[in-house]
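Quick heads-up: it's one chain on its own, the form predicted alone, in structure tokens.
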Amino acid sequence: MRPIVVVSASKGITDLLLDVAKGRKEVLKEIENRYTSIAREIGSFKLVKRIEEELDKLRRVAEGVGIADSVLTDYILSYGEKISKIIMVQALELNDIRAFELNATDIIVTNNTHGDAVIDYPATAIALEKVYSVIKNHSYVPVIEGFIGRSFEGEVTTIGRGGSDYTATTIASLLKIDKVYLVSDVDGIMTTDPDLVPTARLVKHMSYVEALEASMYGAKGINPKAFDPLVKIYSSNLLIGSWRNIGTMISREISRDFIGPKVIMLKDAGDYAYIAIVGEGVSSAKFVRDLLDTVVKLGIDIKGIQAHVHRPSIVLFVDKSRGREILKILHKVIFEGDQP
């Protein structure tokens, strides 16, 4: 089976487009500079011309409004992915890979909740099958926008920040594709935020449940909505990383060899900070007992503890002023083998 490429907007472009939707038309120049710079770097005059045409359309839309409503905002935001798709197709062609554009608005059908739409799987399956039955026997690589779709009313919708993950897993599930590669500027999911703990490590294997739980506590990696089609339709494996290194694989289930803590995250919670430890088995009586013994030995004062029998996480509430310090200490003990 030929790969299907799902693209996102260039980094920072969605935020700039949101500014446009809020009436700040002057940032259109910054969007133009960023995308035309990429086109010139690729070295294609044809691509520069095509991007300028798309930006002219966007400019005409933006000039005609004050502050956009939710429907128009989604339409404006869609230009980030549209232009990325054009760039990707041209880049592939210049590397002797035959590619062509698919329009997400022709295939990804959603409800009309603008800004955070939900994909309608049966309607999308019908639209996808019509297209894929034609292209599957050809050697061209299809490229489609992530993040956007269309409602039953025919309006452009967006499916939430990071929604390209959701688009990719939906397409993979409906077509029963075994592997989904989510490529970004990091090598995979880390045991914690490397900006806070430089010794953070790559997590090599996670289950869907662990990855979803980790994302709820702020771990960078994948949009939580992306797991929905994987659970309901078809269980593809997710491989997450950069072009240099695909470091993390997420599967429906993992072997017993990989049971245990995967991620530790720090977040503010009102008057306190909380430290969440995520991984299958961490809410067991033994792990909780061992963790509390460790906390006592290290002289860490905890304000409370929260664990759920049916969720792979445990949360410690600590003094906000010591949050980072405690995070580093517990990371060393749990992931680096330091003894308390």
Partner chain sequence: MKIAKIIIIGFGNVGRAFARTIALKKKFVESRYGVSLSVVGVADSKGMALKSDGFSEYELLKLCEVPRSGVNLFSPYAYNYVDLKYMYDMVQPDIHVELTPANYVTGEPGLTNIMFALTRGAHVVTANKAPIVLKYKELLEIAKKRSLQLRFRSTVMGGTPLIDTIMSLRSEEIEKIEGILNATTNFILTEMHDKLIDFEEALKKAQIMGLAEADPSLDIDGIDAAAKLVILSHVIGCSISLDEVKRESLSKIKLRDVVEAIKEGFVIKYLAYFDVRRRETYVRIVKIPKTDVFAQVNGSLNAVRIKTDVGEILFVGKGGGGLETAHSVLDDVIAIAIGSEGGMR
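Nothing here was measured: the structure is a model prediction, and the numbers come from that model. Residue numbers count along the first chain shown, from 1.
The same protein also has a form predicted together with its partner chain, omitted here; what follows describes it.
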| message | Does its partner chain, in the predicted complex, lie within 4.5 angstroms of each residue among 24, 113 and 122, using heavy atoms as the measure? | response | no
| Candidate stretches 92-100, 265-273, 210-218, 188-196 - the one whose heavy atoms come within 4.5 Å of its partner chain in the predicted complex | 92-100
| query | Which one, 42, 305, 61, 292, lies within 4.5 Å of its partner chain in the predicted complex by heavy atoms? | reply | 61
| request: Consider the chain as shown here, without its partner, and state which of 202, 259, 183, 71 has a heavy atom within 4.5 Å of its partner chain in the predicted complex. | output: 71
| At the 4.5 Å heavy atom threshold, is residue 228 in contact with its partner chain in the predicted complex? | no
| said: Quick check on residue 53: any heavy atom within 4.5 Å of its partner chain in the predicted complex? | reply: yes
| field | 4.5 Å heavy atom contact, residue 49 and its partner chain in the predicted complex | value | yes
| message | Whether residue 179 contacts its partner chain in the predicted complex should be assessed with a 4.5 Å heavy atom distance threshold; does it? | response | no
| note | In sequence order, the residues of 124-156 that place a heavy atom within 4.5 Å of its partner chain in the predicted complex are 130, 131, 134, 138, 140, 155
